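Given next, in structure tokens, is a single chain: the form predicted alone.
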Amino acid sequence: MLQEEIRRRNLGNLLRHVHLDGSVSRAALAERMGLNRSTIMALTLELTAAGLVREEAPTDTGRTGRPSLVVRPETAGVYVLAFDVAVDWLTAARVGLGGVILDRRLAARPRAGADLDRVVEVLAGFGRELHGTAPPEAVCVGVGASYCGMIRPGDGMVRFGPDMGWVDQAFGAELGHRLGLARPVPVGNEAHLGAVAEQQRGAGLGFQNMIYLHGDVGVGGGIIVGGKLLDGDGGYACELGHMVVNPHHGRPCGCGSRGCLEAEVGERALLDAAGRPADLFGRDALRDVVTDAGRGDPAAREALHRIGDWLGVGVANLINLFNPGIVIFGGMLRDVYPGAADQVRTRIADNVLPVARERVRLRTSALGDDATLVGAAELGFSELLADPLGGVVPALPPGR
């Protein structure tokens, strides 16, 4: 029994290396996993027989002697369905093993309050379409979803989604029912999943301690400590947008408090500071402010300065608390940060302890708007990576 458990764990570890890196030589796998080459060969042959990986001769190694075979994921043959629910759009994708987005669908999401039925209807339709257009021999091994709110671990219940009025909405269960899956639909908070994705495949690659700030209408966050997501006792940790930075004179926040980070740097704060009409909103409106600031518009420049100052206060507090190696700005903050960087860096210089700021890096998301979608896909792959041979079963009913 112990030997079988070790074998299963080794299969999962090997597949995870290939899944995250795209291609790894047998020699590199042996070194990373601390196993001999004959064991690596045996594990690889099992995964190849299951249709999860393939082996190829390396191209142009530049070395003498017999080169080590390269192990690659079967990206086209093994996939998950990934869903991302943002304030203004709904995205669904077929994501192949190795994290490659093979196909996607996108729909606008009107800001019309609690809209569970419409969201589930659109995403389930996309999911069935993506599954139906996959190659006949391809296998769907899981599903994962991202939502812009606080998610109860285990059942995909959205406990609180203030921007659209979702309170205790059974998103995971409803989406699973409409898709006709044989297993529950795991759901994660968008910023948590974005942090995982950036750490595994994006700007945070190689960092064991990082902070990811995700802007949509509000601001969310994900914190990686020692290579693991900090999720808290109930799974609701890292609500960085509700860190109070301006308690006495701050703007009211959707959570009921005042002066939260997201109230001072979120969408409405930037548009109001730039003097834009109250009925103007969305990513294009934000980008217009950034563009106008770059062209020298005084109101737009002052708006970015103000937002950058409050963003810097929040980031400075987080650096002092967690000593990250990198802080990554995603979502709408990816657009805003370059024009606000000077103010953020000034706050860090003024308010962060010297030993904590001397190595920290500030970067924008490398995955862009795909960060949360890629993170959702990782939820879908988790069962397969935990038990590669036991997890290769069709996630949707047979028949197309």
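We number the residues from 1 along the sequence you see. These numbers come from a predicted model, not from an experiment.
One more form of this protein, predicted in complex with a further copy of the same chain, exists but is not displayed; see below.
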### Query
Quick one: in the model of the complex, does every one of A108, P110 and V196 get a heavy atom within 4.5 Å of a further copy of the same chain?
no
### Query
So which of G125, G282, G235, G77 reaches within 4.5 angstroms of a further copy of the same chain in the model of the complex, heavy atom to heavy atom?
G235
### Query
Given that a further copy of the same chain is left out here, which of G215, G156, P324, G176 has a heavy atom within 4.5 Å of it in the model of the complex?
P324
### Query
Okay, which stretch from 303-311, 130-138, 94-102, 78-86 lines a further copy of the same chain in the model of the complex, with non-hydrogen atoms inside 4.5 Å?
303-311
### Message
Considering non-hydrogen atoms and a 4.5 Å limit, does a further copy of the same chain approach P247 in the model of the complex?
### Response
yes
### Task
Would you check, heavy atoms only and a 4.5 Å threshold, whether A356 touches a further copy of the same chain in the model of the complex?
yes
### Query
Is S257 a contact residue for a further copy of the same chain in the model of the complex, using a 4.5 Å heavy atom cut-off?
yes
### Query
Would D297 count as touching a further copy of the same chain in the model of the complex under a 4.5 Å heavy atom rule?
no
### Message
With the partner left out here, which residues of 220-234 have a non-hydrogen atom within 4.5 Å of a further copy of the same chain in the model of the complex?
### Response
I223, V225, L230, D231, G232, D233, G234
